[in-house]
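For reference, the chain that follows is the form predicted alone, supplied as structure tokens.
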């Protein structure tokens, strides 16, 4: 209830700010002032029969689709957006979304709230709450109507959930050939949560910064994105450091254990590099996205992701094929720990914390039932050697799983 009131208060504050700005504008600018209210939503359902497995579309969800249950909460959400034009060069936008979050609640979240200034036709500047610009088909993973599939690649984007920040960005545009080139710089305070191994990990003190370069032409679009999230005073691995120091005398190589303990710091950096290419001509559309990601949370993790979709539209129907894969492995840290040693489970837990190797192949169809609504049906084969996206019934990462997932959604905008 408190968080819901906070969202309402934030929206009210934005509207009050806009009203004050509009009243202080001169007569010519005031004549341009106007407001629009828009929204979007998804009513989704997912089903599978793999025992002791919960499928999540992203790692900031605590629930997930359980075996033998028709899950309506995994993909469903509702969003409302207020846009205000305050004059020839100023505008504001606020957006709130309600969906199942890391606490298994549906508390509305203020996902966007910014002021934008466009001083000329080649630059624009925003200040407030925004999302990191990494998606090829839109600026948010929440607007399902913008995507061909039921959900953005869960193997790729489902792991990039620290995509909201409070800060500023600057965008510069230039015509290049038959299309437009856009360069964006951004930075601010990170917002986001991850649920893994029956625990919530929040980036309360994180900082986000990065850049995006994209080119959009009549048939071809290319997006290159880079971002980094840095946290300090991160206490997540303090118990591991304490354990290494405490158990070092009883391990085969005490000096080795002390060296590992010295490597653990209270900072963490998550870095992301992505490249997306989309092509559309007539009824045929193709897209490929690739990502490279690393985490310095001890012992350090490195990985990559790949997603591809091919679709063909005829009338309101758009059948498609899709494939995605992601792999994340720990950085090798030499430490001799006998299997029977009491410290062994803790060391292996740290090494396997977010270890991941999963791929998904799918087939589906999108049917545009109206100009602002689309019905989607999708059948996926999920195959994981190990997964930190899937959860077992205890809420922990899984070992090998292979199952068929059926998904349906009704996406709409208004």
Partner chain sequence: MANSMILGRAASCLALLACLAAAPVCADGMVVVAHADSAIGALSREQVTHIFLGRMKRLPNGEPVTAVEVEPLRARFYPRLIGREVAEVNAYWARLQFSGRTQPPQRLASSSDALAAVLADRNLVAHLEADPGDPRVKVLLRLEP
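Numbering follows the first chain given and starts at 1. Everything numeric in this text was worked out from a predicted model, so none of it was measured.
Here the subject shifts to the form predicted together with its partner chain, a form of this protein not shown in this document.
> With a 4.5 Å heavy atom cut-off, would you call residue 112 a contact of its partner chain in the model of the complex?
Residue 112: yes, in contact with its partner chain in the model of the complex.
> Is residue 253 one of the residues lying within 4.5 Å of its partner chain in the model of the complex, judged by heavy atom distances?
Taking the distances in the model of the complex, the answer for residue 253 is no, it never comes within 4.5 Å of its partner chain.
> How about residue 145: is it within 4.5 Å of its partner chain in the model of the complex, going by heavy atoms?
Yes.
> With the cut-off set at 4.5 Å between non-hydrogen atoms, does residue 151 touch its partner chain in the model of the complex?
Although its partner chain is absent here, residue 151 would stay clear of it in the model of the complex, with no heavy atoms inside 4.5 Å.
> I need to confirm a contact call. Of 81, 107, 268, 228, which residue comes within 4.5 Å of its partner chain in the model of the complex, counting heavy atoms only?
It is 81.
> Answer with one of 325, 189, 73, 116: the residue that has a non-hydrogen atom within 4.5 Å of its partner chain in the model of the complex.
By the 4.5 Å criterion, the partner-contacting residue is 116.
> So if I measure heavy atom distances to its partner chain in the model of the complex, which of the stretches 335 to 343, 291 to 299, 174 to 182, 237 to 245 falls within 4.5 Å?
Heavy atoms within 4.5 Å of its partner chain in the model of the complex occur in 174 to 182.
> Looking in the model of the complex, is its partner chain within 4.5 Å of a heavy atom from each of 57, 101 and 207?
So, no: the whole triplet misses its partner chain.
> Using a 4.5 Å cut-off on heavy atoms, which residues of 292 to 323 contact its partner chain in the model of the complex?
Contacts from 292 to 323: 313, 315, 318.
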